[in-house]
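Take a look at this single chain in structure tokens; it is the form predicted alone.
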Amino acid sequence: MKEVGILTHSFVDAYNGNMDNIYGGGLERYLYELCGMITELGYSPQVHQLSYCGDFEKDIGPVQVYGYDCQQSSPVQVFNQMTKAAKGPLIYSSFIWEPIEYKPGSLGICHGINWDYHASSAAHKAEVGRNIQHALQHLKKIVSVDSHFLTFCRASCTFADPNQVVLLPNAVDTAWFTPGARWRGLEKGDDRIRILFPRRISLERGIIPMMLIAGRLLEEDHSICIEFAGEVIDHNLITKVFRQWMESSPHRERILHRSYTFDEMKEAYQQADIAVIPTIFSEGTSYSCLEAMSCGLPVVAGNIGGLNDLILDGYNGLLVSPTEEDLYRAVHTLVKHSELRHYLGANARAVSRAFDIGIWREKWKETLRSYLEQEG
């Protein structure tokens, strides 16, 4: 069976040494779905990824995974190493913003801009623009998961074919992520307001402002409980800060933290009343946002990246600047107004159907067929 190589910075959990498990993030879920489609088309997917636990080889179902130690080399050097080692047509699934030595004519994916932190230097942003131009000159096509990257390319780069960058937003399985008993008013005897942070515990995902508003909300309203549903990287500074905050909080009995598998994640949404996506930079069309919407939750989201493609402020959620004060006011409003929660949640469920995974799969299969047949 002919191989297809996927080059990425993360797939199995080579952060914490759990190579038997796929890391619980949006990128990893995306690649899992992509590998399934590649298999359906009669090819063998091989994932080449960075590793913080030494070199390794691992089979995850039909997917062969190769880890390349990056502790002594830069990620760009390791990506170039992976390019030489990978077989068959290649798909570059991250690091599009770095000066990679691409195999010409390959396919790229941009999972969201990660250089959009407002305080980053102008020099850094200009360098990224040059690297994106380099990618456009060497890659046959780049699939963008949000309009943010497409607009960046059109505004900052030059390319002859307007279809070289394809907009294909992330998707959600609306038949799996469905409203639960709380949404339908069938869960009786529970007057608590459950607020969900369905993100990795990381700086860019807004964990700092989330902890700040959580402390205020828990202090002023004892009917509130807050769940942090996301992966951590052990020994990371942010992880240490988060765990210390939880342990020292006077309201720790109303703070939960759990890492869910892909299949379990809908439980977290179905038990919640409000979802908070307080991203401060580096966001595509967030899986967490789409899944929360599909489960009928009102979403408070930062106005960052692809979240602007998903949330219509005041219709299916509240879209705010991801500062402590703005996030607090939005969540506080939803806590106090149940009718607004229900209105936004019902509209969120309706909007999510436009992002159903069946639509995404058909469009991706068309792109893959075209690319793989030409390569063949």
Partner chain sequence: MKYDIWGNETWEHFAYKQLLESFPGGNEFVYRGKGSPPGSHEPIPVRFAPAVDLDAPRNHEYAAIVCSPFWIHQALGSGYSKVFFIMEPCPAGVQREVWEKYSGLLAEAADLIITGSEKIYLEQCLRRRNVVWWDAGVVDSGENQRLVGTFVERVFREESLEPCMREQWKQRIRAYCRLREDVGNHETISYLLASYHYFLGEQQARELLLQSFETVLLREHNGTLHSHYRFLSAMEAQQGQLERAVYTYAITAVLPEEKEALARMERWAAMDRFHLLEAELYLANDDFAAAERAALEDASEEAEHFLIDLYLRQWMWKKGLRFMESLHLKEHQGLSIDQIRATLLWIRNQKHEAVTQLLRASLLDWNMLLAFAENDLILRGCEQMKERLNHEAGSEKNTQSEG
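As the structure is a computational prediction, the values presented were derived from the model and not from experiment. Numbering follows the first chain given and starts at 1.
Absent from the display: the form predicted in complex with its partner chain. The rest refers to it.
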{"item": "Contact of R216 with its partner chain in the predicted complex (heavy atom, 4.5 Å)", "value": "yes"}
{"item": "Partner proximity in the predicted complex: Y117 to its partner chain, non-hydrogen atom cutoff 4.5 Å", "value": "yes"}
{"item": "Non-hydrogen atom contact Q244 with its partner chain in the predicted complex at 4.5 angstroms", "value": "yes"}
{"item": "Close approach of F281 to its partner chain in the predicted complex, 4.5 Å, heavy atom", "value": "yes"}
{"item": "In the predicted complex, the residue from C157, L168, I208, L256 that sits within 4.5 Å of its partner chain by heavy atoms", "value": "I208"}
{"item": "Proximity to its partner chain in the predicted complex, single hit among E324, E33, D309, D69 (heavy atom within 4.5 Å)", "value": "E324"}
{"item": "In the predicted complex, segment of 174-182, 133-141, 89-97, 234-242 with a heavy atom within 4.5 Å of its partner chain", "value": "234-242"}
